[in-house]
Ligand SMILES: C[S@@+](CC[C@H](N)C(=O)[O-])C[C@H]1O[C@@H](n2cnc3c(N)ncnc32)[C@H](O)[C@@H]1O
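One chain comes next, on its own, written as structure tokens: the form predicted on its own.
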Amino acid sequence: MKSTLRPAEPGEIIPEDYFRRLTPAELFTTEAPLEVDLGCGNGSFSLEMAQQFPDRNFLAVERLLGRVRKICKRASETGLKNLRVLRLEARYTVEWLLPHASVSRLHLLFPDPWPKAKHHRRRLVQRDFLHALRKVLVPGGEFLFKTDHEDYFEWAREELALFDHFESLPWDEQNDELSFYPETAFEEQWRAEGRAVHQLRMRNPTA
């Protein structure tokens, strides 16, 4: 089905066809490692990362149109050429739209924990999603996950252990790769309230 949506905002991607995978060139014309901020909220994390790392490309994925417009406006005002925004549901983006072997890092930061037991099936981190994630990550690519919800954190650890196709890495903020890792608006709020933040860092094996 071809897209018949509204005109794109500056820096926004509106696929012509939502029933085929995008090509890397449709995401960015400049070749660079691609990082995805899945369910990016107000986009503060992606905006800061794109400014800090101009040699990387950043795709911010958000479902709500108002947030998409605000992120696009801020990116345009800042002159960022390495940040683009996709308005789409997170699961669909990974399972059906992102090119295979294209993503160097995927960030899933403070997703909805769906705390009620009857809603657990809606949680993003489970087997089908992890299978799709493995396909879109490059060999050696990373999945970084944060949550303030302890039950969801334990759920994610169990799902990843059962999946057994990723390697666990330490989340060492002294490491050069993580020395700059801005807090999201949710993280700032949760830490201000004294909540613990739980985090996982996983790697797609190179062989």
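From a predicted model like this one, the values you see are computed outputs, not experimental measurements. Just count from 1 along the sequence shown to find any residue number.
This next part talks about the form predicted in complex with the ligand, which is not shown.
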Problem set entry | Which of 168-176, 25-33, 155-163, 58-66 lines the interface with the ligand in the predicted bound form (heavy atom within 4.5 Å) | 58-66
Exercise. Given that the ligand is left out here, which of L97, L130, L88, L80 has a heavy atom within 4.5 Å of it in the predicted bound form?
Worked result: L88
Exercise. The ligand isn't shown here, but in the predicted bound form which of V125, L109, V136, C72 has a heavy atom within 4.5 Å of it?
Worked result: L109
Problem set entry | Touches the ligand in the predicted bound form: A50 (any heavy atom, 4.5 Å) | no
Exercise. Would A185 count as touching the ligand in the predicted bound form under a 4.5 Å heavy atom rule?
Worked result: yes
Problem set entry | Heavy atom contacts to the ligand in the predicted bound form at 4.5 Å, residues of 6-43 in sequence order | G39, C40, G41
